[in-house]
Ligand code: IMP
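Only one chain is shown below, in structure tokens, and it's the form predicted on its own.
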């Protein structure tokens, strides 16, 4: 039984939703719990012909047996949460820590004007101003909001008690390492730390409870908004390579660059990662599309994976070969077979 933390290795948009959804099903997790920031993160999951664009709920939602929890460190937009719960018909499965801070309309308004919108290029979802209020001890919490009362739960206790029982728990982070308030490209960062240790703090588990930290990288690098991006390509070149993307939350163009081994090594260090996943291998090598075994990958793709693995010093255990949850090469399972 495993407690696994999943985090992003670059600037978000690495495909964490796909990886979390796969692990939730493969490992039959009892709890999928979300840490990280709030609705400024968009996780996209494609499963059984459906596409889920999640802003609040954990990507473990695809496993009907999984309890879905939001840790105390997560900022909650009540209307967005209620919309997702209703759309996905998961009301009885969702638990929300009463200490989650609540995003109000005034936070959204503040996030869409001035410094945050202009210089930093934030998502405009209200997370930064809400976290600012939280630091000043004046943000409202979920426990104060009547429409959220049916969802309130002691998330830290639920997670730790599940671990005591030897159940599989999947902890899902948001954004990416270099959007961390402390370890990222400040000031072009999000409003809190988003590395693995912070995600654990968000949900209320200590570091000794974690068995694996899985860091997710895309086969190339993208970022949304302002700030440095080493090796950045023009939008025309990104289109030529098939790397042109738009962001889940804002619809803005994602800036693109080739895979960066130096940044990846630093992200592994900052997160204490024990495993890595690489998504969108099929975008880099189209002949990989839909592959589910390592042997079926072309030699060039296998060399790329080996080069990343050697540089990072940790095993690459999952390879995304398409957008659907089970379009994946599971090296952990292959080697364990």
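Because the structure is a prediction, the values reported are computed rather than measured. Numbering follows the first chain given and starts at 1.
One more form of this protein should be noted, the form predicted together with this ligand, which is absent from this view; the next part is about it.
Under a 4.5 angstroms non-hydrogen atom cutoff, this ligand in the model of the complex lacks residue 59 among its neighbouring residues.
In the model of the complex, no heavy atom of residue 266 sits within 4.5 Å of this ligand.
In the model of the complex, at least one heavy atom of residue 120 sits within 4.5 Å of this ligand.
Although the partner is absent from this view, residue 252 contacts this ligand in the model of the complex, with a non-hydrogen atom inside 4.5 angstroms.
The contact with this ligand in the model of the complex, taken as any heavy atom within 4.5 Å, belongs to 225 out of 225, 204, 78, 95.
Proximity to this ligand in the model of the complex, taken as a non-hydrogen atom within 4.5 angstroms, holds for one residue of 63, 40, 279, 271, which is 40.
The stretch from 144-152, 225-233, 85-93, 68-76 that comes within 4.5 Å of this ligand in the model of the complex, counting heavy atoms only, is 225-233. The three marked residues, 172, 275 and 319, fail to reach this ligand in the model of the complex, with no heavy atom of any inside 4.5 Å.
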